[in-house]
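Okay, so here's just one chain, in structure tokens, the form predicted alone.
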């Protein structure tokens, strides 16, 4: 019982806050529950397809292939595939984290996974097309180029900050979650 309470402490804290709000200001509690419900429905529309994609990638892409194309010594090929995966994505950023975990589990280099996440945030093809039509091609090119350069530098810098034992700890957590 204690383990369940610890595991779900944030959910329980949220429910406690809602309960207090229901007495203090009922309209805020209703609004909060409505927003939470809408977010849950949105997530349930995004998460199952992402998990399906992850399952297919896990089965169809051998670890050796991932290491060859996105591993420690893949060079520009790893950056290219990181950019390609991130830019062809659809959906909110929280959908990218399970894919990032799969990439790491399959042997992708940390810097390439960081770059993939950065690309997902600002260079998804639908977002770029919208930006081009709304803000113009010159602005979009400057924005995407500067962001990709910052993500590129930042991803390798973040990787350099990770100590070997921290990388192992991250990979151990990812392997534990997948079992």
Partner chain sequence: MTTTVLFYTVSILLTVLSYFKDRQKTMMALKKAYKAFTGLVPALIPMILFVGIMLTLVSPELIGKLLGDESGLTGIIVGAVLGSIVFMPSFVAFSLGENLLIGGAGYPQVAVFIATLMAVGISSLAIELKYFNKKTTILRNVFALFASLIFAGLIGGIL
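Residue numbers count along the first chain shown, from 1. Between two forms, the rigid core is defined as the largest C-alpha subset superposing within 1.5 Å. All of these numbers come straight from a predicted model, not from anything done at the bench.
Keep in mind that the form predicted in complex with the partner chain is missing from the display, and what follows is about it.
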State yes or no: in the predicted complex, is some non-hydrogen atom of residue 44 no more than 4.5 angstroms from a non-hydrogen atom of the partner chain?
yes
I'd like to know whether residue 127 contacts the partner chain in the predicted complex, with contact meaning heavy atoms within 4.5 angstroms.
yes
Give a yes or no for residue 84: in the predicted complex, does one of its heavy atoms lie within 4.5 Å of a heavy atom belonging to the partner chain?
no
May I ask you to check whether residue 80 falls inside a 4.5 Å heavy atom distance of the partner chain in the predicted complex?
no
Using the arrangement in the predicted complex, list in sequence order the residues of 29 to 51 with any heavy atom within 4.5 angstroms of the partner chain.
31, 32, 35, 36, 39, 40, 42, 43, 44, 45, 46, 47, 48, 49, 50, 51
Tell me, please, whether between the shown form and the other one the C-alpha of residue 68 is shifted by 2 Å or more, with the rigid core used for superposition.
no
Verify the C-alpha shift of residue 9 between the shown form and the other one: is it 2 Å or more after superposing the core?
yes
Can a Cα shift of no less than 2 Å be assigned to residue 153 between the shown form and the other one, given superposition on the rigid core?
no
